[in-house]
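As a starting point, one isolated chain is supplied in structure tokens, in the form predicted on its own.
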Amino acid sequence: MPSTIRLEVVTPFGLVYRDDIDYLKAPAVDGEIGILPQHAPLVTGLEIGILHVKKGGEEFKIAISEGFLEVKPDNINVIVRTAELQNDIDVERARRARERAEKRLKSGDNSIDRARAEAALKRALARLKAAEYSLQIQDD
């Protein structure tokens, strides 16, 4: 039995990540899902959140927007609108996006699109949470 499974993360802008990994935890629409090599075939929707990837004893994160996850015994395809590896996240930009979204939601302005503002807030929080792990490593 293979000890790794191929992960590909794709957005409309291109391939974000492709490599063999040991384990993936993803934010499926029905809750967190864990994928190991030789997993049963599966297709599910993904929520805005973080992919937790384990490879060779190391763990890293990828912030994602909504999309789909397709699993076959030897590969995982993640198709999402946006995806950022934790080391590529612009933390200050994510903080500004969080502040803008929070301000819109607190404003009480009936003309704002609440669903859009809530999604923007979720994306910013996911990016900050994914980057947080990277920043801790750099500080050590």
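The model shown is predicted, which means the values in this text are computed figures rather than measured ones. We number the residues from 1 along the sequence you see.
What comes next is about the form predicted together with ligand ATP, which is not displayed.
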| property | result |
| --- | --- |
| 4.5 Å heavy atom contact, R81 to ligand ATP in the predicted bound form | yes |
| In the predicted bound form, A94 touching ligand ATP (heavy atom, 4.5 Å) | yes |
| Ligand ATP contact at E47 in the predicted bound form, heavy atom, 4.5 Å | no |
| Exercise: D88 in contact with ligand ATP in the predicted bound form, heavy atom 4.5 Å | yes |
| Contact residue in the predicted bound form, from K72, H52, R100, K55 (heavy atom within 4.5 Å of ligand ATP) | R100 |
| Those residues of 99 to 127 which, in the predicted bound form, come within 4.5 Å of ligand ATP by heavy atom | R100, R123, R127 |
